[in-house]
Ligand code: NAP
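Let's start with one chain on its own, the form predicted alone, as structure tokens.
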């Protein structure tokens, strides 16, 4: 199936590693041009060089998205480079373990890392998205509906992302802008691998989580997440908006008594 993304311009945050990297690679495979925003530089520059050698455009933008001016600047630089923005994918964030005891300053800091830049990037991209009748995709988390414990800031941010997805879908429908959210649960990434490897028995720890995932008793891959995101970014999903879609092998909603 041709997803009709050739030469479309996508701005992706946190696109240098993990789920974000999977999204960037899938977009490029479909012929899109990507502006990849990341705070760290090594991975982003390596991706840019890798795809430059293949004749594809993966423009790396270094920025700390906790800074509002930085959010405005990455949008401006992406437009300067490509002349337009067709797709905005808000992905950057971190499950930072800011719990109830941490206090207001830490809680607000968690919202800065996980929520505020979602709003700011939409705010600063809006004029271009109206021109292109574009697409916004927010990467959320199953934590927004299940809770996790010990991570109030992250849970609040991800819950707000669900709400903003619905709000923006309604608010922007008159401009032909579609807005959807994709929520991962247990997705295998280098970070998750590092966490598992730090446990006393990594094999048992991994198997214990896999046993809770009904479909295939395995982790979701970052490529499976990316494929859903890229489909939603494409004209092939032209009448889908305001949806909160779980790509999780049934982890979030299936009764646990049927897993073992």
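Numbering follows the first chain given and starts at 1. Please read these numbers as outputs of a predicted model, since none were measured by experiment.
One more form of this protein should be noted, the form predicted in complex with the ligand, which is absent from this view; the next part is about it.
Only one of 98-106, 121-129, 75-83, 177-185 places residue heavy atoms within 4.5 angstroms of the ligand in the predicted bound form, namely 177-185. Mapping the unseen interface onto this chain, residue 14 counts among the residues with a heavy atom inside 4.5 Å of the ligand in the predicted bound form. Among residues of the shown chain, residue 154 is one whose heavy atoms approach the ligand to within 4.5 Å in the predicted bound form. Proximity of residue 47 to the ligand in the predicted bound form: non-hydrogen atoms within 4.5 Å are absent; the residue sits far from the partner. Contact annotation: residue 37 falls within 4.5 Å of the ligand in the predicted bound form, judged by heavy atom distances. Residues 63, 91 and 141 are all found to lie within 4.5 Å of the ligand in the predicted bound form, as judged by heavy atom distances. Among 212, 205, 29, 191, the residue placing a heavy atom within 4.5 Å of the ligand in the predicted bound form is 191.
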